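Heads up, the chain below is alone and in the form predicted on its own; it's given as structure tokens.
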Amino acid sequence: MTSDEADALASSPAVYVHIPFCARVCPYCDFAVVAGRDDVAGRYVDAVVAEIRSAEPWRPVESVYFGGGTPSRLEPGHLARILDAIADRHGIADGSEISLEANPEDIDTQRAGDLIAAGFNRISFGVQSLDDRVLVSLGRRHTPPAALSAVRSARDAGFANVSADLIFGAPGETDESWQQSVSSALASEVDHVSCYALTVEKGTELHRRILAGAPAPDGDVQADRWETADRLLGEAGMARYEVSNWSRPGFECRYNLTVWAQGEYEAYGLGAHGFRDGVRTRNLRHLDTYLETVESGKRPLAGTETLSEWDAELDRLFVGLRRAVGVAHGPGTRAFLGDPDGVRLLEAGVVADTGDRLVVVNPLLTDWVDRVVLSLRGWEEPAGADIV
């Protein structure tokens, strides 16, 4: 994907829908999820549909992403109702990407076919690992054969765009098992692979285990695992287009690229975050409170934030520099390259100035780049700056 193509997605409207239901909460998860509440799934769908119908009309969206939680736990008919509400309120453009996150144990050929009939054309499996020991440590319910079977079922049903998520640095993982996980995912002929480092979030079961003495993820080991993934995926013909994402040509995730281009997206459902007209929004995270609020005819907002032009410019850097194509020059990049820490990163070869863009050369050091961008929030907005 070229830089022009990536930047053009800043004008591509999108929608995110959050489905919070899970069979159980994974030990590393700090998202807005619930387990053991499937009894209110129908009521939740009614609430999301009502939330969509109460939104301000918009232009037709070009990507829709159902995340979670576990969207595949809902019946395809429930998911279709939500898609229909989006189409009725905003419109869905022809050729749009309609993505669904899925757990492998939820998908067989019949279910995959029903999802296609509901309107989905992209499915992203939470594979996480193809090593039994690692799956157990991550609290996952599927086995490696079940994950590969789910990918085959999606293909057999007609999904032409299939993605797999993997997690590296988990307890029980070895260099060999990680390499095998990546190689096996590639052998299943998925079109897209995301590889994420296991992170320790406060309040999670994983966090409590580590406080009790369990070993924490090793950053050096995780860096090695990322490099292994980058090598194997690159050798298989997948291009890295963001720090944690690789795809075959033309199979980049449009929704994610819209977000990373600082495009606008509506967000519906529990804890969902949106960005439209320069305003960030976030929804309530407590399920019962969300339901009661929507059912009373109110918007389920937990808060909003209107961005200044300078903060929006720094956000453009913060999300855009995760992309392999980086960001076009503007006031934010000039501030970055005028900061002593930014200069040091340039001289060290962590970032590069290509003349018209700022690009992260070493993705493993993106955290250092993020720190410089965050420090610029304390700067005064450049007088008369042409904010892009």
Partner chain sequence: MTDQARIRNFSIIAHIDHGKSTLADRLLERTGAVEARDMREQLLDSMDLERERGITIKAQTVRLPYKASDGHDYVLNLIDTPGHVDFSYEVSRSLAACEGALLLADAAQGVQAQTLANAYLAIEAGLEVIPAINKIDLPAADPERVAQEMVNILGGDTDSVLRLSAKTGQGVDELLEALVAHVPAPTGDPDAPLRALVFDSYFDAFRGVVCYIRVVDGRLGAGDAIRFMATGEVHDANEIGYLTPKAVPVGEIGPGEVAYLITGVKEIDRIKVGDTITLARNPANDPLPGYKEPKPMVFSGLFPTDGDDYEKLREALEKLRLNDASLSWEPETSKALGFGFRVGFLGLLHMEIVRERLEREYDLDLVATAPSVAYKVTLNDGSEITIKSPQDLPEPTERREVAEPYVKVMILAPSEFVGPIMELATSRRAVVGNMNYLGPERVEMDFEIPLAEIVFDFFDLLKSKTKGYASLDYEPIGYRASDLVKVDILLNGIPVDAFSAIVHRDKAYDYGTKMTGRLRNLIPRQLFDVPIQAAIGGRIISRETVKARRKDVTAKCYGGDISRKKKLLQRQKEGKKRMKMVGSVEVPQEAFVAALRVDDDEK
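Note that the structure is predicted; figures quoted are calculated from it, not measured. Positions refer to the first chain, counted from 1.
There is another form of this protein, the form predicted together with its partner chain, and it is not shown here; the text below is about that form.
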{"property": "All of Thr70, Ser137 and Ser247 with a heavy atom within 4.5 Å of its partner chain in the model of the complex", "result": "no"}
{"property": "Stretch from 36-44, 342-350, 49-57, 329-337 whose residues place a heavy atom within 4.5 Å of its partner chain in the model of the complex", "result": "342-350"}
{"property": "The unique member of Ala118, Ile92, Ala223, Ala302 whose heavy atoms fall within 4.5 Å of its partner chain in the model of the complex", "result": "Ala223"}
{"property": "Contact label in the model of the complex: Arg323 to its partner chain, heavy atom within 4.5 Å", "result": "no"}
{"property": "4.5 Å heavy atom contact, Asp88 and its partner chain in the model of the complex", "result": "no"}
{"property": "Proximity of Phe251 to its partner chain in the model of the complex, heavy atoms at 4.5 Å", "result": "no"}
{"property": "is_contact(Glu227, its partner chain) in the model of the complex, heavy atom dist at most 4.5 Å", "result": "yes"}
{"property": "Those residues of 305-323 which, in the model of the complex, come within 4.5 Å of its partner chain by heavy atom", "result": "Glu305, Leu307, Asp315, Phe318, Val319, Arg322"}
